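In structure tokens, one chain follows: the form predicted alone.
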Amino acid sequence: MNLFQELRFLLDISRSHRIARRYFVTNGFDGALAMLGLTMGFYITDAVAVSTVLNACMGTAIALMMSGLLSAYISEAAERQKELHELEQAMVTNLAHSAHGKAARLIPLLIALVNGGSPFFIALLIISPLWLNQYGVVLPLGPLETSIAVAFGIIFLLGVFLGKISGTFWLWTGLRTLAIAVITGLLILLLQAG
């Protein structure tokens, strides 16, 4: 059994697919909205260097990743140990070296990687136009405007993904998450007007 098959087996016996998927969407959405807020905040502020925006966004992305990694690992490890202990009591045996024991050790790591990785990689996608600008790539819009457009696109796609999972109309769920992003953007624009 290769590593991928083993992880899939451990996810199956621990019934953790849904948890990992939920963490991916929840923290991915947080990461996308945080980057949207940052880039729009810089957009309404005149004369901020792209390198400054990039550093602020990278700092936020790293903080989101670390928060996601540690919070998920701590909570999932505690839950898995509790479940393993209850199973051991019910079966009156030590399961530390069984597949259930292995799942109790590895699944919290996997879920932590999903929880911390999703906002980080989504943030990297959103700020990629800022990097491209730093390397002299000419974009059809300005770097901040392009990053904001990418953020809206990713938030829409997260909604589409949710629609596919729930079996509802994908366009409706995509538009619903996009509406949340638009409202967030409008609230930030109100800062400039105020």
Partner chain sequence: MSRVKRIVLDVLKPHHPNVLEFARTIAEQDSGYRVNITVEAVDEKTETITVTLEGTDIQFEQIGEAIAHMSGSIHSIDEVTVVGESQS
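Residue numbers count along the first chain shown, from 1. Note that the coordinates shown come from a computational prediction; the quantities given were computed from them, not determined experimentally.
What comes next is about the form predicted in complex with the partner chain, which does not appear here.
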Checklist entry - Taking the partner as it appears in the predicted bound form, which of 104-112, 67-75, 88-96, 120-128 has residues with heavy atoms within 4.5 Å of the partner chain? => result 88-96
Checklist entry - Does I13 reach the partner chain in the predicted bound form if we count a contact as any heavy atom within 4.5 Å? => result yes
Item to check | Contact flag, W172 vs the partner chain in the predicted bound form, heavy atom cut 4.5 Å | outcome: no
